[in-house]
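In the block that follows, a single chain appears as structure tokens, in the form predicted alone.
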Amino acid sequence: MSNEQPKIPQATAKRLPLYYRFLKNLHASGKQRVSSAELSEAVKVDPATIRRDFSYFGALGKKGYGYNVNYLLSFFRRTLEEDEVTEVALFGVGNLGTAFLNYNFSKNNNTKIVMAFDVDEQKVGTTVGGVPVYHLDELEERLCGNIPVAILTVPAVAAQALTDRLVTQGIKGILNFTPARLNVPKHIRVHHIDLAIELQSLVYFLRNYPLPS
């Protein structure tokens, strides 16, 4: 985000791409106005939370009128720096890594995986989803301090050593799909996504906190 944007809660920041995606769909369908109730139904966030999220950015809508879709779309495009492409490197071209490469965030115009790394000689030198796969030994040569974000889908035992190398290459953010809890300097942001834990958590809530039918 631009330094000119106000400081907002992290929970709000995580919801902004969700709002933006829905607004793009509304714009494509020709809709001009949207209420917080309509937004709530679509993105499954309660209207009060939506109004509070939007309030951090000033008066984005009018009471009784709702929100102007074109204005909101333009606003969130600037806020999310949609016009700037963030290049991403992926590490580990296994089943999950391959899925990422084939998908390559096709619904996000501002995020693109531009290179991948693995140690499997059968994968090195190939392209997956149009993305070249390099040997992990080429990490420093290929990154050259120009890639700000990394996705890790490597074995957990290799995650920390790889992270240490990424830190020296100027990586600012890591999306970690390994079970390893990474140690990084304070200026580097890590988002841990453990699919096994998320699934176990979902099953627990289904069993113990059933939703009304």
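Note that the structure is predicted; figures quoted are calculated from it, not measured. Numbering starts at 1 and runs along the sequence shown.
The same protein also has a form predicted in complex with adenosine-5'-triphosphate, omitted here; what follows describes it.
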Which of 141-149, 40-48, 154-162, 24-32 sits within 4.5 Å of adenosine-5'-triphosphate in the predicted bound form, heavy atom basis = 154-162
Quick one: does residue 129 come within 4.5 Å of adenosine-5'-triphosphate in the predicted bound form, counting heavy atoms only?
-> no
In the predicted bound form, does residue 125 have a heavy atom within 4.5 Å of adenosine-5'-triphosphate?
-> no
Should residue 100 be counted as a contact of adenosine-5'-triphosphate in the predicted bound form, where contact means heavy atoms within 4.5 Å?
-> no
Does residue 87 reach adenosine-5'-triphosphate in the predicted bound form if we count a contact as any heavy atom within 4.5 Å?
-> no
Quick one: from 80, 73, 136, 114, grab the residue that has a heavy atom within 4.5 Å of adenosine-5'-triphosphate in the predicted bound form.
-> 136
